[in-house]
Ligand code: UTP
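Have a look below at one chain only, the form predicted on its own, in structure tokens format.
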Amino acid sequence: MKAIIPVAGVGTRLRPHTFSHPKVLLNVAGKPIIGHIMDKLIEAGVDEAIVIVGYLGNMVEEWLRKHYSIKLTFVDQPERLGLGHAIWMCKSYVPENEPLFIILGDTIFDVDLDAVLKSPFSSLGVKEVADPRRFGVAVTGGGKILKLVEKPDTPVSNLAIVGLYFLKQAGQLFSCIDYLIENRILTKGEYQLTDALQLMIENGEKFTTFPVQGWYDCGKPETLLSTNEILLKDHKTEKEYHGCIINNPVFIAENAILENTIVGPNTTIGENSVISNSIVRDSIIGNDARVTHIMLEHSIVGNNTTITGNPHEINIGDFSEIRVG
């Protein structure tokens, strides 16, 4: 089974962190976002990942090749023309008669993929949302999807498509994207995957839905922190640190150093970081960071960062140094 993972986005809502790191390599609950995705895919039997890269794509490729041994194919998307266009660029790597799974690169999920990948029909992951205008939505009836609409101005369904797509035959999808591109059919200025899937439905392809209750957004600082909290729910460290208090749930990298510090709850401490004489809770601390004489809450601290001072809320990017008076 092949999976396509689009990760070419710039991640503007997570700046300043994404100035120096692609969004999918930001740490949440002890590993990069894309690490959570890859682990789920491999567990479900996916043996090849086709990764669509763009902004800082070399960093994504380097990290994935270092940490995973399954077949990896990287496709560069230099021009952002929409999700449909991004998927279309992978056409030559996917046999027409094979099934295909697509997952958006900023979507951490908790779903039984085994059951999804054994479905007799193409199927889309959906979740009920309060404001469907931000999403593509599915209108259902009679046990199948009747219609798909991309970011409707007037809500027609509260079932948001959450970035998990199972296609029984990849060739039908690519044929529909071909049609969109050949006829320059754009929605909101882009070639939309939702429009291609709607064409498949109109051509007779049956689509079902599967519920995605565990769908965790990592697109903004506040949602990254809330996802960190959710994923750490059952995680705790047994290691003791002299002069420190650990309030689980936390993730602390094995080689991190803690001195006279209170950590947690809901806190991730990255590799080679040193935290001393501080209180850190409900926060994410990156790799190789130095945090001293400060209290941090609801904060994201980038890699190679030094923070010294008094209690404040911090959201700074990589390779920074701040002294707070």
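As the structure is a computational prediction, the values presented were derived from the model and not from experiment. All residue numbers refer to positions in the sequence shown, first residue = 1.
Below, we turn to the form predicted together with this ligand, even though it does not appear here.
For the options L186, L104, V111, V94, the residue carrying a heavy atom within 4.5 angstroms of this ligand in the predicted bound form is L104. Put simply, of T227, T140, Q77, T237 only one has a heavy atom within 4.5 Å of this ligand in the predicted bound form, and it is Q77. A residue is said to contact a partner when one of its heavy atoms sits within 4.5 Å of a partner heavy atom; V7 meets this definition for this ligand in the predicted bound form. By the criterion of a heavy atom within 4.5 Å, L100 is excluded from the residues contacting this ligand in the predicted bound form. For the chain shown alone, G82 is a contact residue for this ligand in the predicted bound form, at least one non-hydrogen atom being within 4.5 angstroms. Though the partner is left out of this view, L173 does not reach within 4.5 Å of this ligand in the predicted bound form, counting heavy atoms only. Heavy atoms within 4.5 Å of this ligand in the predicted bound form belong, among the stretches 140-148, 82-90, 194-202, 174-182, to residues of 82-90.
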